[in-house]
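This document starts with one chain, in the form predicted alone, laid out as structure tokens.
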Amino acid sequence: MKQNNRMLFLLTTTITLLLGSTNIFAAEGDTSLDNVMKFMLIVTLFMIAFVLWLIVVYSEKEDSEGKTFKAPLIAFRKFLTRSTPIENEKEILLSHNYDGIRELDNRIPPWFSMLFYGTIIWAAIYFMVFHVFDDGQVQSKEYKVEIEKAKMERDFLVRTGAFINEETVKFVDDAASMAEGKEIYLKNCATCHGQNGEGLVGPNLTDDFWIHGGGVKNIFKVIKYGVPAKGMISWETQLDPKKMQSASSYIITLHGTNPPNGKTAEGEKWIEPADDKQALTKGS
């Protein structure tokens, strides 16, 4: 009985580990929910069959020593390892004689035959799953899934502004971006540049002169990296690229507003490049 309990414990542990590994795979995204359900169904059927076998062994037969319980396992082990005993080798000795070497007509080991037939069964299952029911992912289907996944990830990165930098930033004038840019400016920039961009500690943002160059790309760059020598911090760690783009675009709209008490012009007069002018025209 102790041997039976040990085998039952090992079987239960194995099933538990299988179920646990399935949950891990599902969490990592390697196994779909549909595959998990199929696996659970197979495990459930196996456990039902095992319980029925225990009922037959322990209710209808006297098996205190576990002989009936272990009989299928013993028979299966004999099937895998069966061969002709040495004392009976004369029965399978062939008549061929090669320089005194005689040949035995031994059968192919059962385990080898099982591997061979197993490959045939596996090939049939593979064919049905992947090519008949189209339930598996062949390379072409897997490629399409990966393309769709990459597209979704790219769309997410575009929405979050991950692709926006000082080279790709563009002027945006939609209502949402303008509102966001104004809010960021009043909260973080107005202290130094004034509520209307007239300039306080920082330079005037409404005239034609810029210390570090005008245009949305230069403004974005200054916001992103700051000007430590002049006391302006880098906002790269506090604002994501999309918000810095909105703030840069809002600052562009302050040009020419001529607010009262404007600070004296600093830097050099900025002439917008032709490409940037065209972009601003299209954006507005």
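Numbers follow the displayed sequence, beginning with 1. Predicted, not measured: the structure shown is a model, and the values here were computed from it.
What comes next is about the form predicted together with ligand HEC, which does not appear here.
Novice: Find the only residue in M178, I92, C192, M114 having a heavy atom within 4.5 Å of ligand HEC in the predicted bound form.
Specialist: Contact check passes for C192.
Novice: Between K70, K38, H255, K230, only one gets a heavy atom within 4.5 angstroms of ligand HEC in the predicted bound form; which residue is that?
Specialist: Looking at the other structure, the residue within range turns out to be K230.
Novice: How about A162 - does it come within 4.5 Å of ligand HEC in the predicted bound form, if we only consider non-hydrogen atoms?
Specialist: Output for A162 is no: heavy atoms all beyond 4.5 Å of ligand HEC.
Novice: Is there a non-hydrogen atom of W210 within 4.5 angstroms of a non-hydrogen atom of ligand HEC in the predicted bound form?
Specialist: Because a heavy atom of W210 falls inside 4.5 Å of ligand HEC in the predicted bound form, the answer is yes.
Novice: With heavy atoms only and a cut-off of 4.5 Å, decide whether L239 touches ligand HEC in the predicted bound form.
Specialist: Yes, contact at 4.5 Å.
Novice: Does ligand HEC get within 4.5 angstroms of any non-hydrogen atom of N196 in the predicted bound form?
Specialist: Although ligand HEC is absent here, N196 would stay clear of it in the predicted bound form, with no heavy atoms inside 4.5 Å.
Novice: Mind telling me which stretch in 201-209, 126-134, 154-162, 99-107 gets its heavy atoms within 4.5 Å of ligand HEC in the predicted bound form?
Specialist: Heavy atoms within 4.5 Å of ligand HEC in the predicted bound form occur in 201-209.
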